[in-house]
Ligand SMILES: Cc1cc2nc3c(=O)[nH]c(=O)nc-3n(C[C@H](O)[C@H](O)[C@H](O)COP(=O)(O)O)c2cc1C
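Shown here is one chain on its own, the form predicted alone, set out as structure tokens.
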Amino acid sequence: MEVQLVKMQTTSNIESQVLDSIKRRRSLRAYSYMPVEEEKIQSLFEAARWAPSSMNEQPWTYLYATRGQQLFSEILECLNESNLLWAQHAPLLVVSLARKKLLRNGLPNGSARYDLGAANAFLSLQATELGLNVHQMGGYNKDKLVELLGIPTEEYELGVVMAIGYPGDPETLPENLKQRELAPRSRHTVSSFTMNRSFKNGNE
């Protein structure tokens, strides 16, 4: 069966009114050396705390480390080289985990990863409000992270690792990353991923 590739339209324009924090949020790679204040770190997790979750299970867990801690170095050691290049300059690293089982009965929670994603989104938008940047990374050695941090994989599933801090100077980045840093954001147009019909109606 031949695979049909779908060409998605993209734009850098905001097509409809959204929150200002959504307009301003970026996944930057240049970080200031300035540390993130403890009260702001706690504010990020407070935002995650109020994310919606299936049956209010709140299946997220965060391991966080600031520059200078051994845990910070251990997390860095697990990043892919392309991420390590810039993430090492962030003052705060966060490992996000999803609790696999429901607290109420110990059964598998099929919504855990989805709910963790919602919490991470709340955290990221709160960071924008606080003048911070969050860059989420899936590029890391999962087996190594589990080993170094002693993560019980029978209880937790790994999510993304986040580099968090105040935005820095793009000029400090290698040329290819600097160009990506300065380029306008673009997204698929709303019309390219929404349908006011079911799939069975074809192109009607």
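Numbers follow the displayed sequence, beginning with 1. Since the model is a prediction, treat every value here as computed from it, not as a measurement.
There is also a form predicted in complex with the ligand; it is not shown, and the following applies to it.
Colleague: Here the chain is shown alone; which of Lys178, Arg67, Lys40, His135 has a heavy atom within 4.5 Å of the ligand in the model of the complex?
Modeller: Selected option: His135.
Colleague: Which of 168-176, 23-31, 57-65, 150-158 has heavy atoms within 4.5 Å of the ligand in the model of the complex?
Modeller: In the other structure, the partner sits against 23-31.
Colleague: Contact with the ligand in the model of the complex for Arg185, defined as at least one heavy atom pair within 4.5 Å: yes or no?
Modeller: Yes, Arg185 lies within 4.5 Å of the ligand in the model of the complex.
Colleague: Is Asn83 close enough to touch the ligand in the model of the complex, meaning at least one heavy atom pair within 4.5 Å?
Modeller: Contact with the ligand, yes.
Colleague: Does the 4.5 Å heavy atom contact test between Gly139 and the ligand in the model of the complex come out positive?
Modeller: Yes.
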